[in-house]
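Next up is one chain by itself, shown in structure tokens, the form predicted on its own.
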Amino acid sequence: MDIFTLIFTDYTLRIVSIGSMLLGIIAGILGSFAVVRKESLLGDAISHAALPGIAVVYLITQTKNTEVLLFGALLSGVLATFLILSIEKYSRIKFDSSLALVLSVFFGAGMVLLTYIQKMPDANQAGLESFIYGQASTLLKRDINLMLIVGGILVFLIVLFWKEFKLISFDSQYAEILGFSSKKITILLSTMIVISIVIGLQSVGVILMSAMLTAPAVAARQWTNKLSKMVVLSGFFGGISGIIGTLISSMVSNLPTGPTIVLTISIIVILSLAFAPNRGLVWKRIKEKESRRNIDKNQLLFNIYELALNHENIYHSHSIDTIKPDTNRDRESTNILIGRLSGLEDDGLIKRDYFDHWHITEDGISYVENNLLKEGY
């Protein structure tokens, strides 16, 4: 409770928390489209490609003004996106290979320029390396205002072009048939993703920014099959991880904020992969066991039904060994089999006459003939 109170009383913590939350929301919303379009690694390439833009702008302007440096990162990111899409379109190099090529070349160039800048006889260049790993504690109120303005514009564009973005995310060819320009819409969406990456460089850096773009969307995808809900959930997961990561880093001395935020959203992803309804691994395992149990019960019922048809008295009782012969059955298997038969009895489909002897009921016959026989038993 004390740490939450500090958000309202400590100016620096409040600014960093709000900035991290805004970054998480913006990156989560835009990242949803990257994940749906199976272009998650595009964020990784663009974030790394932004580094040489920062270095070049500094060499030209000799200023560390955040807006100026981020403008350089934006130009570099847009150029990298254009090169990736062009290489894929006009050559035989596939999308993932073009990503790797552009990422390595741009990031390598950025590191060379950064090393050159660090060796310049000018103390003003100190601190540029913070864009590699991020330094959220340096966020200022004007940075928050910039995030609010840019984020508001991005969200407005998403609402305005929602139909178009949704269409090209799932079927770009169908969009072309309807008369939409997939190329123009893709360029607009890619530019928006670049902008969302650039405004997060100061907080988490070029190396970890791709995680902020993809992780919230991956987590949200486990909870829903609708894009609209996925976008909202992704923004929520990104925002909440930004706040929690900032609070955790403020509680531990010398714990960097950016990596802590990424670890927080990673935990959300792991929990979503494990426990999300319908798609979560735990729920899948439970459903698989339930499905196998139902299949076993249906097979037992069908066996009893066939035995009933082959006997003069349709309600004649049959032993477990007759219902499911197995000479190697152990005590545990027998108990499982009795449990399955007891479940059928609870459903009113069979009835136990005496110890381990069962016969089918009228409801059981009706269930087999109206359901199981139609399913191919």
Partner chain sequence: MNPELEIQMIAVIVAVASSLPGVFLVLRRMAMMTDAITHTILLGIVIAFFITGSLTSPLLVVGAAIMGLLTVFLTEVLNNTNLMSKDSAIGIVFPLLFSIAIILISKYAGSVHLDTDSVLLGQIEFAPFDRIIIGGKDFGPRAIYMMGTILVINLVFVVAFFKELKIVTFDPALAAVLGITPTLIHYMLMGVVSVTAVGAFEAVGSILVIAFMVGPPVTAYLLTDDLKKMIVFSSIIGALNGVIGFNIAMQADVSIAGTMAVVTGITFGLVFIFAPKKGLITTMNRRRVQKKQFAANSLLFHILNHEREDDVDYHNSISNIEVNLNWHKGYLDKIIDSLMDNKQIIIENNIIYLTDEGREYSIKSYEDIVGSLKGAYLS
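Computed from a predicted model, the values in this text were never measured in an experiment. Residue numbers count along the first chain shown, from 1.
Missing here is the form predicted together with the partner chain; even so, the following discussion is about that form.
J.: Can you confirm whether 35, 91 and 218, the three residues that make up this candidate site, all sit within 4.5 Å of the partner chain in the model of the complex, judged by heavy atoms?
T.: The answer is yes; 35, 91 and 218 each reach the partner chain.
J.: Of these, 175, 87, 154, 244, which has a heavy atom no more than 4.5 Å from the partner chain in the model of the complex?
T.: Looking at 175, 87, 154, 244 one by one, just 87 meets the 4.5 Å heavy-atom criterion.
J.: Consider the chain as shown here, without its partner, and state which of 202, 76, 196, 210 has a heavy atom within 4.5 Å of the partner chain in the model of the complex.
T.: The option sitting close enough to the partner is 210.
J.: Is residue 119 part of the interface with the partner chain in the model of the complex - any heavy atom within 4.5 Å?
T.: Within the cut-off, so yes.
J.: Heavy atom to heavy atom, is residue 262 within 4.5 Å of the partner chain in the model of the complex?
T.: Taking the distances in the model of the complex, the answer for residue 262 is yes, it comes within 4.5 Å of the partner chain.
J.: Indicate whether residue 253 is a 4.5 Å heavy atom neighbour of the partner chain in the model of the complex.
T.: Yes.
J.: Indicate whether residue 41 is a 4.5 Å heavy atom neighbour of the partner chain in the model of the complex.
T.: Residue 41: contacts the partner chain in the model of the complex.
J.: Taking the partner as it appears in the model of the complex, which of 44-52, 337-345, 65-73, 311-319 has residues with heavy atoms within 4.5 Å of the partner chain?
T.: Stretch 44-52 is the one.
J.: Which residues, if any, of 63-82 lie within 4.5 Å of the partner chain in the model of the complex when only heavy atoms count?
T.: Nothing in the stretch sits within 4.5 Å of the partner.
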